[in-house]
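We begin with a single chain expressed as structure tokens, specifically the form predicted on its own.
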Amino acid sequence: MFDFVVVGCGYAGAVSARIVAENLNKKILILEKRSHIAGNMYDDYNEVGVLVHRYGPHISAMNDKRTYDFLSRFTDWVPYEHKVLAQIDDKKVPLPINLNSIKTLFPEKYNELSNVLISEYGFGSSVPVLSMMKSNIEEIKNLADFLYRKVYLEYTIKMWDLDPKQIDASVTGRIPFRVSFDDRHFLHKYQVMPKNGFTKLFENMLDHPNIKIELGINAKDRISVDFNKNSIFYDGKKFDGKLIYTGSLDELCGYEYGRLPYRSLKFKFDNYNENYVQPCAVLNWPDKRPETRRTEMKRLTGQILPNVTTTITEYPGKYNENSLDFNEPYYPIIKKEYLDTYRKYVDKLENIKNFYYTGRLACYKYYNMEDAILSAMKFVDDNFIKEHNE
């Protein structure tokens, strides 16, 4: 029998499994409902030879050396600085919106606006647009109102089905106004892409004699929880090992308190007999069209492949497990009422002493890649490594 069962093979599950396997010398079984490892990071080569991210674009942008050093054990890197353009009316401007964007959008007012912004906020600062809208300076307030309407409002409505003012600041604050000329989408210390792709990185991470992986397995067909006995059952027998769960807690609990809402995505893949079809990796459409953005994979990965290129266009929608297009829960909707429901599931599960949870779905948090990895590292350290070393 295994010492640990890990449900889910994305970053949360894979990082947890690797650290436990090599530091505690424990036998681990990973159950993954998809037919592949790597979760939403999964990539492979399509029919024309382009390496594509099957669940939307992913970038390795990291600030913490622990994250970089850990992942570097399992991949070589290629340098990459992510740049995004937003199409506003007939102009394409850098996103996050910065002073270069203002120069393109308002060439006749640029000097006045840039001087006011630098004077008010300081060069190099990042300011949430919702904060700028509260400014007492007319030029800043007018600019913020324009950016709110043209950059944030329609994009947020179609992405989240909510007004930006209804969204948690941790989400809306991810794309601030940047008082600088830096066109990079991320300002992280480490900005790289795995040389051979994310799937290969995961293969190397999970290549350990203590780790076994079973694909195409829905965990709820193998694992059940008896809340009366506060026990976990695996294949009908009481499981006394440790369960690390990275899926949705509401599903595990049979939706007793209702379903937690998520936003989902549909992806459209298009091939072209051209070297490139857009000037940057990602082009955002913050307008009323149903699409949110389009990614050109070769721009993202740096792959050299002449006369052919592939794009991924994203369409957001409401998550529904029975939907043909929106059946994957990508983004938790961070609102108090939903967090209150989530807390009920946490409280229900905390009496089960060998149940543990981590990751974006299980924690109902809007994690980026580095957040998920650091959270998994801390989770393993707090729950297993420290106890082992005491």
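Fair warning: this is a prediction, and the values are worked out from it, not measured in the lab. Residue indices: 1-based, along the sequence shown.
In what follows, reference is made to the form predicted together with a small molecule, a form of this protein that is not presented.
Shown alone, this chain has one stretch from 348-356, 51-59, 334-342, 319-327 that lies within 4.5 Å of the small molecule in the model of the complex by heavy atoms: 51-59.
Note on the partner interface in the model of the complex: the residue among Asp182, Glu203, Asp287, Glu251 having a heavy atom within 4.5 angstroms of the small molecule is Glu251. In terms of contact with the small molecule in the model of the complex, the residue from Ile232, Ala219, Ala144, Leu71 that brings a heavy atom within 4.5 Å is Ala219. Within this chain, Pro96 is remote from the site of the small molecule in the model of the complex, having no heavy atom within 4.5 Å.
Taking the partner from elsewhere, Asn46 is found to have every heavy atom lying beyond 4.5 Å of the small molecule in the model of the complex. Contact between Leu283 and the small molecule in the model of the complex is not found at the 4.5 Å heavy atom cutoff. In the model of the complex, at least one heavy atom of Leu31 sits within 4.5 Å of the small molecule.
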